[in-house]
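Take a look at this single chain, the form predicted on its own, given in structure tokens.
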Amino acid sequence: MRARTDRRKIVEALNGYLFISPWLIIFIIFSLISLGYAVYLSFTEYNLLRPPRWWGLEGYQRVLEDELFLAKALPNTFKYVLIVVPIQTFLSLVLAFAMDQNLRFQRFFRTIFYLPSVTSSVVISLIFIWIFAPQGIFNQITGLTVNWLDDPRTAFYVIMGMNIFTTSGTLMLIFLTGLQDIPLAVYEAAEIDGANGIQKFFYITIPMLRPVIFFVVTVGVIGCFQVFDQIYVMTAGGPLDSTTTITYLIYKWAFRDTRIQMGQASALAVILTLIILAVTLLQRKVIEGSGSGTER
């Protein structure tokens, strides 16, 4: 009897692995092996033309001493995260509240707000290039003569605005799902106790949305640290490296420079992973810490 039960468990396990095998094979080849090889390359000197040569921590040292990384890519990336994440989180939360009300044409507005999220980022980038060109529609409406994407003072902010515009729809849907999961009985009990709209927002909605807020902020932080395609299409890191971020610098060192530095680029990719991990753990501690304080 026991042997039959064990055999059935083995068959069920094999069936399970068989069903997930397509995803598992892709994950192992394109994620695990690629990640391990990138970590290995970060300890080597490699230019795609000769076999990798082991040089230990030399690649990391060069990254941490590189002027472009220290003066442009690193501060630009943190600036991007610190500006975009709070604005897109707040804007998507406001949109979710609006879409949670009994508005006319509610489904139409949800579709309109979500539409940029399902549109190719390259297409959106090209549209923004056209809008913010010297003769573009934005200058024509406002009467300005600014060359937005060729000016180091404005180019990065245009990219930030585009990212906020495209991601707010997706984050709005996540917040909307969280809002609709809050039981109405909790709000009704608060109304009976005399709570007004602001009190219900800060003492019911925000605390019960905390897991959703953590998820949205985490997704936003990771996405902002990895911003690349918009910069590649709109400015190519310029003007004067004012829009160069860490991910674009990785691409530049690995593929674009005349002297290919694949090992150094891999070292920077590892450093970026560690930065994202540290920031995610820090924000989790902050959000969970604020939650425990409220509960007390």
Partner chain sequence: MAVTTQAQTRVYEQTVFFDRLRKYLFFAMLAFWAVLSVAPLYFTLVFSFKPVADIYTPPIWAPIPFTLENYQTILGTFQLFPRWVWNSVFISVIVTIFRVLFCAMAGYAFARIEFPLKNFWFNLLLISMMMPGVVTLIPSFLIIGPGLIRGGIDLGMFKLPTGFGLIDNPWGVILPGMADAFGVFMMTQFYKSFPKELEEAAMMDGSGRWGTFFRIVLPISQTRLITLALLTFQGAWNNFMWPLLVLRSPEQFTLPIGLQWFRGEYYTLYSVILAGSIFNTLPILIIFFVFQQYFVRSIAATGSKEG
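Numbering follows the first chain given and starts at 1. Only the largest set of C-alpha atoms that superpose within 1.5 Å between the two forms is called the rigid core. Just so it is clear, the structure is predicted and the values come from calculations on it, not from any experiment.
From this point on, the text means the form predicted together with its partner chain, which you will not see here.
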Handout entry: in the predicted complex, Thr119 touching its partner chain (heavy atom, 4.5 Å)
Key = yes
Handout entry: 4.5 Å heavy atom contact, Arg153 and its partner chain in the predicted complex
Key = no
Exercise for the section: With heavy atoms only and a cut-off of 4.5 Å, decide whether Ser168 touches its partner chain in the predicted complex. Expected result: yes
Problem - its partner chain contact at Glu188 in the predicted complex, heavy atom, 4.5 Å - result: no
Handout entry: Heavy atom distance at most 4.5 Å to its partner chain in the predicted complex, all of Phe78, Tyr203 and Met208
Key = no
Handout entry: Residues from 23-50 in contact with its partner chain (non-hydrogen atom within 4.5 Å) in the predicted complex
Key = Trp23, Leu24, Ile26, Phe27, Ile28, Ile29, Phe30, Ser31, Leu32, Ile33, Ser34, Leu35, Tyr37, Ala38, Leu41, Tyr46, Leu48, Leu49, Arg50
Exercise for the section: Determine whether the C-alpha of Val11 shifts by 2 Å or more between this form and the one not shown once the rigid core is superposed. Expected result: yes
Practice task
With both forms fitted on the core, give yes or no for whether the Cα of Ile20 moves by 2 angstroms or more between this form and the one not shown.
Solution key: yes
